[in-house]
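The data below hold one chain only, encoded as structure tokens and taken in the form predicted on its own.
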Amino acid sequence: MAFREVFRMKKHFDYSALIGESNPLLRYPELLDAAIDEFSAKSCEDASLNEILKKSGMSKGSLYHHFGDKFGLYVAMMDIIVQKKLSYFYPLLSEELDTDDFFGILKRVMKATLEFVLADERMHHLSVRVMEESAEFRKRAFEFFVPDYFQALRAYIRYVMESGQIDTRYPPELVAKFIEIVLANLDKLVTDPEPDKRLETANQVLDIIQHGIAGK
């Protein structure tokens, strides 16, 4: 089913008004919780709006009034998740980073990713799941947000390959995709219940990325 058929978007509804401090979802924590539960478990096409309304106690009329439709609810929810995710990366992004220390920076990115995962695994799963949606859907939804930090990571990887920090035998897009997949699945690689042990394992994952697994 095409994106426009799944989400019959209202012609005159201002979806951009759902972003930022005016996001109405900030006033409805039960609705946010129910939306995260449903959208993190299913694709947007399969997610049940009725199930979300049932869990949150909101009427369909109120939801349409505040969010326009299912797509509007999704955008409002993603706005909160994006801001939450970026809060772990703002300290890193705001610094003057040493572009000659790629693996040092990657270590800090991995630590921030792990902290985000530990804070709310549902949000992490949802931020990964959105990348599995159709290209048409992602293009429409991402119009409302600043570029994802993965875009900056891909550009940075191309730079460090040119500077000799990464073996140029490998295509930059392949390296970037590999690192994206590792970061997106960090929760599957780092499973120890102890936070310190998780960080230790995350650093071991980075060592594998940097040095490989071949015997010396």
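Residue positions are given as counts along the sequence shown, with the first one as 1. Quantities reported herein were computed from a predicted structural model and do not represent experimental measurements.
Just so you know, the form predicted in complex with a further copy of the same chain exists too; it's not on screen, but the next bit is about it.
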Exercise for the section: Would you point out which of 62 to 70, 28 to 36, 165 to 173, 49 to 57 contains residues with a non-hydrogen atom within 4.5 Å of a further copy of the same chain in the model of the complex? Expected result: 165 to 173
Handout entry: a further copy of the same chain contact at residue 207 in the model of the complex, heavy atom, 4.5 Å
Key = yes
Problem - Interface membership of residue 201, a further copy of the same chain in the model of the complex, 4.5 Å heavy atom rule - result: yes
Problem - residue 158, heavy atom within 4.5 angstroms of a further copy of the same chain in the model of the complex - result: no
Handout entry: 4.5 angstroms heavy atom contact with a further copy of the same chain in the model of the complex for residue 102
Key = yes
Completion exercise
Those residues of 176 to 206 with a non-hydrogen atom no more than 4.5 Å from a further copy of the same chain in the model of the complex are 177, 178, 179, 181, 182, 185, 188, 189, 191, 201, 204, 205
